[in-house]
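For reference, the chain that follows is the form predicted alone, supplied as structure tokens.
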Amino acid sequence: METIMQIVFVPIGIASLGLILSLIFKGIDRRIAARFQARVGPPLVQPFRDIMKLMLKETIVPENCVRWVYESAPIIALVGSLMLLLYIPMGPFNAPLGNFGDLILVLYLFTIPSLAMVAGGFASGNPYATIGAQREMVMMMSYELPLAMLAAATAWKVTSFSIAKISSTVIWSTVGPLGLVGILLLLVVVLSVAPAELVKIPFDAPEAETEIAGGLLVDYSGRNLALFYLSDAVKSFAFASLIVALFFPFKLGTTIWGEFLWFLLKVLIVMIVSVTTVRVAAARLQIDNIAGYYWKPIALVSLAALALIAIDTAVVI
């Protein structure tokens, strides 16, 4: 009976909790962004209202689309995002599938929602969606190298790709001066990748409303658009949770619920720093500028971080 609970009900509970928390955090993000711009902003429950409104609207399917791909893409995107929550620990709560996957698997899982959007964009047959899908593919290839360096550098020091082991080690306490600089550079890299991974301003070229009328999502409506909306919210929460698990696993030593609230506070701070502040302060970049940004300065910083951590490890040994 206990095994059935762990296999069935625990993942369902975590997925449900993740959906609720993701929408709450999306509401907080929108409210804070509005305050930064001297606006009142929507109420915190606005994301829930948006989902309910989209679910009640008619779902329109383009006549010339590849229907099975077009309609399965939002489902795959949401399922891929929810799967992330099963591999990333939430503060004091261990990930249900933490022993069956590592950092490399999680980084690849982050590509599933993006690939689903690309497939849906190409399948729609709309030229604007096709342009958006092409831009999304270019952007994905641009930030893969920095993410690969993140995985290699953390595993180099901890000697494991396990997220649970990395978060329990507190990597800051295992390095010398050179390694500390390397970890700081890695943090800068992953915070720089966050807005592109989540397709937020200034890296929202695949969805640029003023240029390509919404790009990837131009033809999506009703239930399908709601699923993409949920996928985006869950993916944002999951990426911030991953950053917290890797770089800020510090505990307060209080009750389990106190630790969970502490975890949520850290996730909120990461989201504000890496996404909210950036999208309020910056303007949209062109796709060639985005590719150049990740292939040149960010790639060099990530390689420097890996080199510093490798040297620090050799010195310590």
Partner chain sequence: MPTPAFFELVKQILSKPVTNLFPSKYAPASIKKFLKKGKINPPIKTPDKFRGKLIYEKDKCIGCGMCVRVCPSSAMELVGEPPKRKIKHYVSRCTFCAICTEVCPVKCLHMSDEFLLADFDKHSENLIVG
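Everything numeric in this text was worked out from a predicted model, so none of it was measured. Residue numbers count along the first chain shown, from 1.
Not pictured, yet referred to below: the form predicted together with its partner chain.
- A residue is said to contact a partner when one of its heavy atoms sits within 4.5 Å of a partner heavy atom; Q37 meets this definition for its partner chain in the model of the complex.
- Contact check for I28: no non-hydrogen atom falls within 4.5 Å of its partner chain in the model of the complex.
- When contacts are judged by a 4.5 Å heavy atom cut-off, I32 counts as touching its partner chain in the model of the complex.
- Though the partner is left out of this view, T277 does reach within 4.5 Å of its partner chain in the model of the complex, counting heavy atoms only.
- Exactly one of the stretches 61 to 69, 39 to 47, 244 to 252, 258 to 266 approaches its partner chain in the model of the complex with heavy atoms within 4.5 Å, and it is 39 to 47.
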